[in-house]
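Before any questions on how it binds or moves, here is one chain, the form predicted on its own, in structure tokens.
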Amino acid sequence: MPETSDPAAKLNSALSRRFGEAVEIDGRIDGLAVLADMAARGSCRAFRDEPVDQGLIRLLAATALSSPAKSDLQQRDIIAIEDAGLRERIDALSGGGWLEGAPAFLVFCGNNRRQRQLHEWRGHPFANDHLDAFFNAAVDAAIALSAFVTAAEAVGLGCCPVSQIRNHPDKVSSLLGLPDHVFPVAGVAFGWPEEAPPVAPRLPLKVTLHTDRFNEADLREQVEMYDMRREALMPYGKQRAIDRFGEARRYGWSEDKARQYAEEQRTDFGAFVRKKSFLLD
């Protein structure tokens, strides 16, 4: 993507690459430089061998925790992983390699425990012990994670969210000392990027942006067109599970994602959530 000092032009270039279509931009809008940076971001997996200052991490965490929270319940916590041995054990449980070379790593947790403690301290019944209690905490943690990524990248850091910590949530939970009603949502590996991360094309807005009602018109055609556009811009380096599915003549996003979720993953996560004393009715 060519560099430009004009934020509107940079934003237009980033969105055109993302979605394969023009998005109307009013150049008079404030904050276009921020939007351009957000639109041009990519997950970073190559970091310089340079630490991230602890004061900066604390600042970014505080900024992330300033993000919206359901009904001001604030049901999320962040755990900074500084112990090298602990980090190695978490990385091994995550499949290995996700944290390699990243100077810093955080785990974002949903926390419905604190709310229950408030009820106990104040002598009020906890009347909403059902799926929504888990869902609200998970969404709160995800909002904070997204805000952290935006804040970190605004100061020049590169980030890579790591959902793989849920591969073995019970063991990760034990390593982190998480009590009942507190659970890991995802991690974020981050540091100073070695190089600009790639900008991954996204599904066209016709597929993911709806007006008034959900609409799947021409979905398959749109996905197939997206497969071809993505293959031209960012082809996959290898195909998944060739021993099971064979080698596809054309291997696009839809084939990759279908193969990815044709393999069982995290089948014990529901049991883990129930073990954390959540009711999912």
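Note that the structure is predicted; figures quoted are calculated from it, not measured. A residue's number is simply how far along the shown sequence it sits, counting from 1.
What follows is about the form predicted together with a further copy of the same chain, which we do not show.
Heavy atoms of every residue among 15, 35 and 115 are located within 4.5 Å of a further copy of the same chain in the model of the complex. a further copy of the same chain is not drawn, but in the model of the complex it has a heavy atom within 4.5 Å of residue 60.
Not displayed here, a further copy of the same chain is approached by residue 111 to within 4.5 Å at the level of heavy atoms in the model of the complex. When a further copy of the same chain is considered in the model of the complex, residue 47 lies well away from it, no heavy atom lying within 4.5 Å. Heavy atoms of residue 254 reach within 4.5 Å of a further copy of the same chain in the model of the complex, making it an interface residue. Residue-level contacts in the model of the complex: of 132, 100, 170, 195, one residue has a heavy atom within 4.5 Å of a further copy of the same chain, and it is 132. Applying a 4.5 Å heavy atom cutoff to a further copy of the same chain in the model of the complex picks out 253, 254, 255, 257, 258, 259, 260, 261, 262, 263, 264, 265, 266, 267, 269, 270, 273, 274 from 252 to 277, in order along the sequence.
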